[in-house]
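Only one chain is included here, represented as structure tokens and corresponding to the form predicted on its own.
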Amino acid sequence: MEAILTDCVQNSLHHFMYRNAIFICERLCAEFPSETNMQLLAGCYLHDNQSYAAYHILKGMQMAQSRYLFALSCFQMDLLKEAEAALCPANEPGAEIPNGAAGHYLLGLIYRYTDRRKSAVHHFKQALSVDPLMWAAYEELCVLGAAEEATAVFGDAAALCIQKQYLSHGSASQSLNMPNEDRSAVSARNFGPGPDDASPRQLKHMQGNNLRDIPGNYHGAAAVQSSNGGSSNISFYNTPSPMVSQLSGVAPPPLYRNVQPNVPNPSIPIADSSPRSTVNSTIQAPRRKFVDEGKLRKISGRLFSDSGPRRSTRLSGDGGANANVSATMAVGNGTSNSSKYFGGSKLSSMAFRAVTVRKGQSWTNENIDEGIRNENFDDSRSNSTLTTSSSSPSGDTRSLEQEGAVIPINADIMNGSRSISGASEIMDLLRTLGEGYRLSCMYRCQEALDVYLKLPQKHYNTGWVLSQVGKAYFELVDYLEADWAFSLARQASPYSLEGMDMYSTVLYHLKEDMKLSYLAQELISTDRLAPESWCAMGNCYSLQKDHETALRNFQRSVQLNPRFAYAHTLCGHEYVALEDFDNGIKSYQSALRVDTRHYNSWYGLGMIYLRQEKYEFSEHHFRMAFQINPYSSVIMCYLGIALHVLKRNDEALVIMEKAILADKKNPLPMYQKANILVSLEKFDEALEVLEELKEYIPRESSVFALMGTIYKRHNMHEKAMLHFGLALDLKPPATDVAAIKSAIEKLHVPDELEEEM
């Protein structure tokens, strides 16, 4: 009876029938009240997103698996102290962490969110040493800025570890005296339901708590009993069967409201359609929050400043300070010419190349009734030779059970050789992905893009990779390319929200209000309980200058996931736009409590203190942001501004030179360099800089106004009048108009008398 009920519970979990699983498991626990069965019941509740129920069921239990599940439920309920105590009992200081790699990963997350970075790094590394395929642990190390090079993590030692684990599981599976069909039937649920066997609501909840990659071994130590009474086991690294939609070239179907779309018919070929992503949408990289540098593309505005800082990972371009005695300087909106970017789309020649079906190459998957031809994509990328189907870990791999059925005599030899080649291919793939992600988290974005180009095309054209490419372009302030990459990611994985918060910010900077509105509506209809959806909606309202409504949307995002640092940062930007600096500071500090390397928040705090004329505080926060991201021209520029107002002009000039070299398309550092030179009365050098800058942004009124000021200092009144007039003709903001007219009225007044006046 116990075996039948256990198998029924596992079958219900496998088919997402959580209510039925809970009901049957309650009968099981009533009839056989063992701790193992209680673990299974707690697992059912965790699947159904009822962590509070699992918490009460498991409290006080001592088995290793019970402690792990209890810690998991505590983590989801934000009871981090209890979660830590469950994994590391105080009365057993030398106790082994339960559940191996998954236990170390969970403990690492607990330490991360309790601000114990060294301990978190240690346990993430431990998780990787136990299971080299624990990609989520490597992601966390990258986010913490503590990841080793991918070649060291996913090297030969990791491949050997995978081979040993694969062969040990394989030999155990082959020793079972049961038919292949029975083993295949049990294999899907032997290790308990994982992320693929969870409801959309539960997956959303797990993502919000960074638990999306913790294995769901919820049934504890109980071995699943098959119908014939045999205890089942499978290869832990059995390659999953590809979905039909992953293999077909059919274009993605329209979005459905909170449901998965129907699987398209693989028999309908569409030559120019985009491939479906093979990356599970629930296994996501931690969301990176990027500084919004959009507004800084233009100098603008108030000659002397526009309203508050723009969207962060919009690193704001407004609100800078000018040490010039006559005015306070900040970057505003400027003209449309200075905000545009040069050149066509670099991605158009590489992403989503034409899909071709090579008739001579195919493989059959025994888990699908009809044979499906594997699509091999032509790779037009130069220097890329990884386009054959054998380069993919899943391209020519069959499950252990299938191999045993085909070649029963030499199964051990074949399994050993296949595991060696398979592990090597997996490590090659993870090395490339890992190195690209590590470089991206270090903000070496151009290097990251070059690494991603080394991927086989079928992996490059997945939603996760394209989203990372979009984020890299976003950091490089190349919004047109970022838009293109994110749109491709959206086509590849229309059901995935990975990176869509960043995509909405890209559209914000491009002022694509129609596209942004459409994206926000699509995301809300896809999953209104995802924080990314409400970030997109908030950006939409912010673009319309409705900052109060935008703030409410960002606050909704924070409510859905309090550990979403980017949403806290966006709240801070809206508070600053509403000139509520106290709440803005609180929002930025909340983001930093979640992620101390979220440099947008350091930048936002620096901007607030700059506007409040707390220049020492401002310089400190800009320097912290610069230490995290030493490649951002915008951060360098504002650090230079802070140094300038602190009368540290030599340091300011050095940092401005670095900012100019970091991004030659950003006019702000050149303008600020000219300002510093004017304050040092190096007028000829300042004019040289402004003449060069005028070639980049010929319609920027602030440039001509500053040139007029320099000519006035030289007593060249005619040239001064000419440049002041040109500045007025370019229709500057009202505050700039007043400043320019005042300068014209005092054109013939000596500087000494003007200062006295």
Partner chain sequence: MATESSEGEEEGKITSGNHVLIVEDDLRELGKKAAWSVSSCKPGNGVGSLRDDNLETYWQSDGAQPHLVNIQFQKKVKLQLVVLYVDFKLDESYTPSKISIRSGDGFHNLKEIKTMELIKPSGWVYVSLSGNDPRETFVNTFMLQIAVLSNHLNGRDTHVRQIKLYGPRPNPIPHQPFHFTSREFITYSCVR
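Keep in mind the model is a prediction, meaning the values are calculated, not measured. Residue numbers count along the first chain shown, from 1.
Keep in mind the form predicted together with the partner chain is missing from the figure; the text below concerns it.
In the model of the complex, no residue of the candidate spot (Tyr460, Glu512 and Ala591) has a heavy atom lying within 4.5 Å of the partner chain.
Although the partner is absent here, Cys44 is not a contact residue: none of its heavy atoms lies within 4.5 angstroms of the partner chain in the model of the complex. Heavy atoms of Phe564 never reach within 4.5 Å of the partner chain in the model of the complex, leaving it off the interface. Although the partner is absent here, Asn666 lies within 4.5 Å of the partner chain in the model of the complex, judged by heavy atoms.
Interface membership of Lys164, defined by any non-hydrogen atom within 4.5 Å of the partner chain in the model of the complex, is ruled out. Here the chain stands by itself, but in the model of the complex one stretch of 147 to 155, 117 to 125, 68 to 76, 636 to 644, 636 to 644, has heavy atoms within 4.5 Å of the partner chain.
Proximity to the partner chain in the model of the complex, defined as a heavy atom within 4.5 Å, holds among Tyr615, Phe683, Tyr631, Tyr113 only for Tyr615. Contact annotation for 21 to 59: no residue has a non-hydrogen atom within 4.5 angstroms of the partner chain in the model of the complex.
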